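This document starts with one chain, in the form predicted on its own, laid out as structure tokens.
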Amino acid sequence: MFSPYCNNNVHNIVNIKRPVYLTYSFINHWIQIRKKSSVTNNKIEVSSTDILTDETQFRALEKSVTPLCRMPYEKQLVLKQHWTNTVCKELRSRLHNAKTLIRLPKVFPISSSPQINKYRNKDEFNFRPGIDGNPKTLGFFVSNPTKENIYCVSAMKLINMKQSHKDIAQVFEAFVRKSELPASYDHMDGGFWRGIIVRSNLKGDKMAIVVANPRGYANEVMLDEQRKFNDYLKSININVQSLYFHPSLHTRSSKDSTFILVDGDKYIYEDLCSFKFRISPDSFFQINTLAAEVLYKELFKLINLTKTSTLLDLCSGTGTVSIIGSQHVQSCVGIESVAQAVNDAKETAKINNIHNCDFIEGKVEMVLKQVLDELSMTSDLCAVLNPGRAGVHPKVINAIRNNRLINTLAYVSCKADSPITMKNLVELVVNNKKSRPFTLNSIKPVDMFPHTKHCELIFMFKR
């Protein structure tokens, strides 16, 4: 349940029987495969010698999570620049099919990440049987093409991950292997231990969140296991500033909001663009802090805010766009569905003595229209939409298009070639009789995820 480029809880699956395939569009261009296919469906065949064994399991996981790690970083950037151009051309093609002619936007050169190894500030590890059959193997998943015989492989050799995260995962695996309680692969299987999430900041402060399946287990059992693991960490001098226990009844732990502080501080804090941000167990924060600084500097360079502007921050997470942008505008309004992230954003504003930001809890598609109605007297309304790789509901795009005050929009995407994101981008530009379309002026790539196939794209729209 790990995504190599964002915080969503997603299984990482890599094929282990011949032939092996990975979704990897820009490598296709790099090796000059001539067969035409869509941006989202390109595949590349990996060596048929990659049969999963004790020796090859780490290479298989590496190819899934960090497929570019053996390539010089300069070449990685060339590939991602090429991929950005491909996304641009695909967008034009789709608009042409929708009978909307556009000029190609300006594509800026890609900005590199200041840190290319050990940059991830959040990692999620889960249990599954290992290649050796041990049912309590902690790491990331590999599977054959039919998704049978899923195995777990340790993340110890992944170079985009901090050593401190790997160490905590290794310690937790050792603890669980000594426990009498079974591992849980599914919320209905009767197991208890699901995995662990590790977060950290640039200073090295660490937060560990133990995820367990409480179904069928008494509170006394859960409390006892929390205490035992806390004692175990202290006995081997593993320093964790914040230890949480997260009972989750669902397959995806993000559906549960219960986080029990076992020991230490409730929060860790991170410095970003000269602001101090509070981070809770389930709050979204950009996965690569130093590259996030590059992203936000480029964003505000492009959006060109003024002291009379109001900044509408959609899918605001812990409020990074609003907090950083507050110095450039009259006021900011952030909308975010995760309650704790909203609380973090409000507290961050207080910590930084910021008084012109307001944060609203709710799904953007449910509350945006009301917020826009309340901002009807605003003279200059600029919007930033940063929805993650899943894109946004069509209602959000419709509300933005139908609002006559929004003439500047930055759409920030970590997976621009996903079907929903592509649909969002097309719907912003396509001609229709109901509302005035935007024009896509420019695209700016920023490499947030070295060694992976993805980068952030900032799409600048004007009308």
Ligand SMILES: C[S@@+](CC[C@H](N)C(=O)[O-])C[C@H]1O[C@@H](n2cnc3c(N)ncnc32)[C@H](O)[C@@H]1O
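In case it trips you up, residue 1 is the first one in the sequence shown, and so on. Just so we're clear, the structure is a prediction, and the values are computed from it rather than from any experiment.
The same protein has a further form, the form predicted in complex with the named molecule, not shown here; the description that follows concerns it.
Interface residue among F284, Y244, W193, Y119 relative to the named molecule in the model of the complex, by the heavy atom within 4.5 Å criterion: F284. The listed set F229, F359, Y296, F141 contains one residue whose heavy atoms approach the named molecule in the model of the complex to within 4.5 Å, identified as Y296. For the named molecule in the model of the complex, the listed stretch (182-190, 163-171, 80-88, 308-316) containing residues with heavy atoms inside 4.5 Å is 308-316. Although the partner is absent here, I110 lies well away from the named molecule in the model of the complex, with no heavy atom inside 4.5 Å. Taking non-hydrogen atoms only, P387 approaches the named molecule to within 4.5 angstroms in the model of the complex. In the model of the complex, no heavy atom of T258 sits within 4.5 Å of the named molecule. The named molecule in the model of the complex is not approached by Q115, whose heavy atoms all lie more than 4.5 angstroms from it.
Interface residues of 330-355, taken as those with a heavy atom within 4.5 Å of the named molecule in the model of the complex (partner not displayed): I335, E336, S337, V338, in sequence order.
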